[in-house]
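One chain is shown next in structure tokens, namely the form predicted on its own.
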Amino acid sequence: MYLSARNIGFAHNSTFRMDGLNLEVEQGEMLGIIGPNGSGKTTLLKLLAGILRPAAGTVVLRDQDIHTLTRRQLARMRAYVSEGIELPFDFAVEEIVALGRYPHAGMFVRLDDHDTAVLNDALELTDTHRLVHRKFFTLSMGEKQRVMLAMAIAQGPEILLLDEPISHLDIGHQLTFIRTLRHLHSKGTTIISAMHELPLAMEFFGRLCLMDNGRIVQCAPSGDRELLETVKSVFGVPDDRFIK
């Protein structure tokens, strides 16, 4: 299996814990992680990204424990876009997106023509090319999310992990964002994203994993009838109108 979480144990505090969590992701898959607030979606993504280290079990990428990879090796393979978007300095958009090339070019190496072409493609794909000279702190939350996606795309990752990536976008940019993910997926990128927007998750993601209380309740193709019934039960909704 391409990416596996094997018998994962993890605890934030006495109120949240994972025990024996297992998940397998195939290369090139587009997987949505859904569940109520506090169910463990963000924690799972950070474990899969190698940002958090499990107390028990392992996350395995290409038959290798993810925590045996160097930070640079890992950055060349996966990109992670968080929901909370904060930067310590007010960089220009162009500078932020360029950070995505440093795992390949190095921190103090001038970017070459190939790097520049990759940056331009990332800006075009995310509709952020008009923002290149803007300072990050002047952007709306939706614009910031698109800039962070552009930086992640510029990394050229095999795996893209996103935490609630469209939560601050209007409906037009939500659809554009999802179409961008579908484009990346069509080029072979493995996409794993936590999603609050259930109708969009069910429309665009091939498989969904439903989480609740730190465990994966069910994984199934997005149109699976049994999954829809379990979603209704976990979220406490009476019928399909709120999820379709």
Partner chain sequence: MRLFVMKRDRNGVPHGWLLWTGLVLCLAAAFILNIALGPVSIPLPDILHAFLSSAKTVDSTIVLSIRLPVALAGIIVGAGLGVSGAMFQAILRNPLADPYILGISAGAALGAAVAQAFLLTSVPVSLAAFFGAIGAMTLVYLLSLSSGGSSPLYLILAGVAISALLGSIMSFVMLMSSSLQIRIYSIMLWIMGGIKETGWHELIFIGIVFMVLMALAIVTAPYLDILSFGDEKASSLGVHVERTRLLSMVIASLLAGVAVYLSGIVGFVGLVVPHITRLIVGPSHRRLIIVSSLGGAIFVLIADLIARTVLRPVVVPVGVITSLIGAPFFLYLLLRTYRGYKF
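Rigid core (definition): largest C-alpha set, two forms, superposition within 1.5 Å. Note that this is a predicted model, so its numbers are computed, not measured. Positions refer to the first chain, counted from 1.
Although not depicted, the form predicted together with its partner chain is the subject of the following passage.
- Using a 4.5 angstroms heavy atom cutoff to its partner chain in the model of the complex, none of 168, 200 and 228 count as contacting.
- Contact between residue 159 and its partner chain in the model of the complex is not found at the 4.5 Å heavy atom cutoff.
- Its partner chain in the model of the complex comes within 4.5 Å of no heavy atom belonging to residue 174.
- At a distance threshold of 4.5 angstroms between non-hydrogen atoms, residue 120 is in contact with its partner chain in the model of the complex.
- Within this chain, residue 185 is remote from the site of its partner chain in the model of the complex, having no heavy atom within 4.5 Å.
- Checking 217, 69, 51, 30 against its partner chain in the model of the complex, a heavy atom within 4.5 Å turns up for just one residue: 51.
- Residues from 204 to 236 do not approach its partner chain in the model of the complex: none has a non-hydrogen atom within 4.5 Å of it.
- Comparing the forms between this form and the one not shown, the C-alpha position of residue 87 differs by 2 angstroms or more, with the core used for superposition.
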